[in-house]
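Just the one chain here, the form predicted alone, laid out as structure tokens.
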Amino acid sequence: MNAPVRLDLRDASTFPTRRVEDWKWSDLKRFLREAPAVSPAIVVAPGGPFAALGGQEIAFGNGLTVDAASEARFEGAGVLRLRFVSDAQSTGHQASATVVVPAGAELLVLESYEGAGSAYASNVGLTFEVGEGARLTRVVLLEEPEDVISVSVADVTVAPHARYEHTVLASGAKLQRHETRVNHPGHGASVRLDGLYVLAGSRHADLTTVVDHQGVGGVTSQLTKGVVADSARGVFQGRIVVDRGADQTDARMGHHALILSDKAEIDAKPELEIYADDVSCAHGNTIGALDENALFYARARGVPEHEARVMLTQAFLGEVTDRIEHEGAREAAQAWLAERLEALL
């Protein structure tokens, strides 16, 4: 992958094309040739998809907080609901936020992208800093209209003996890209990067991650699963780099997906780049159709075909949501998955 693209909706020269290696399956310039007009300010009512889980809320409406700021900062523990709400027509907006978890603290970030309107472009830049011995769990829900462009890029810095975990739930858009880049120090730190995409119509979702192991004894576990139907397109790019001196790294990556239509497409690129000797690293990638034998056995036991398809697909994808340790967040993710699959199948 090339150096990270720093997208600025005010400057069309920053819009990547497919000539940029890690954007070759998500050609932004194809859909957005000129800088869009700035979206109008909107009022965001408190709530969102994770409202029942409580915590502090920071909400952006078309890129601005209630104080009309395009940037926000949070430092602390507990639960943070970070909401990016869009309601615009053929305009663009962007926002940025920094989240700091102090040493020894635990923070659950419930991050939601909530869209209404049409043909807007949204660009979000995030910075996460996880202190020594701290834990950050991040659950991300992307729910936006089919004809919009949505880009979110997070830079994560993890201290020794800290834990960073995320689960991304994506329903796609005209072009929806969620990118996470992690600086991994090793030295007892662990990272879990999970993702799930459920795509129908002509929706496009791109889940891209880069983890750079820089020290001894780091752990990374990654699992991404997806299902695409109609003419939808799913993109997975995962790269794990093990630098010189990052011995005893344990890094494992898996991507597995189902294609339910001849017109649907999945592009996957799992990568390991290893410069150290004493490591344990592996990656896997499978793409296929729903198991017809399993479907036959379910129907032979009296399960209607539609119900059997939903049941088998949910069992396949549910491994991702089951890995969310926080009970409330896990239940919210499972409910989202069930609703999405019912509509898809």
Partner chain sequence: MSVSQETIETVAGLEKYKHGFVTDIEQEFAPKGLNADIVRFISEKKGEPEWMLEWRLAAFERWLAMEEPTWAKVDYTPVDYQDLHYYAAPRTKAKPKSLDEIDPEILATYEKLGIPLKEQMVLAGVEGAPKYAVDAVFDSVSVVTTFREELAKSGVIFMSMSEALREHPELVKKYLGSVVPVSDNYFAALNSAVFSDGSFVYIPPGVRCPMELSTYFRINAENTGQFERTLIIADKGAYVSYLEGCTAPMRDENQLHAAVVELVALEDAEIKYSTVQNWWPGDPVTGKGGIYNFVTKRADCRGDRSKVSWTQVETGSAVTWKYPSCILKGEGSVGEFYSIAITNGRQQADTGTKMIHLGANTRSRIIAKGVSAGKSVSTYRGLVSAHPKAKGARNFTQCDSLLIGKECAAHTVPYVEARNGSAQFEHEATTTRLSEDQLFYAMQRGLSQEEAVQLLVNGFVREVLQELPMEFAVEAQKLVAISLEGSVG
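Residue numbers count along the first chain shown, from 1. On a predicted model such as this, the values are computed, not experimentally measured, just so you know.
Not on display, but discussed next: the form predicted together with its partner chain.
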Interface residue in the model of the complex among 37, 69, 289, 51, criterion: non-hydrogen atom within 4.5 angstroms of its partner chain: 289
Quick one: of 259, 105, 79, 159, which gets a non-hydrogen atom within 4.5 angstroms of its partner chain in the model of the complex? 259
Partner absent here, but in the model of the complex, which of 219-227, 87-95, 261-269, 139-147 has residues with a heavy atom within 4.5 Å of its partner chain? 261-269
Is there any non-hydrogen atom of residue 273 lying within 4.5 Å of its partner chain in the model of the complex? yes
Can you tell me whether residue 285 touches its partner chain? I mean in the model of the complex, with a 4.5 angstroms heavy atom cut-off. yes
Quick check on residue 278: any heavy atom within 4.5 Å of its partner chain in the model of the complex? yes
With the partner left out of view, is residue 73 within 4.5 angstroms of its partner chain in the model of the complex by any non-hydrogen atom? no
Hey, with its partner chain in the model of the complex, do 120, 326 and 331 all fall inside the 4.5 Å heavy atom range? no
Sequence-ordered list of residues in 5-32 near its partner chain in the model of the complex, where near means a heavy atom within 4.5 Å: 21, 24, 25
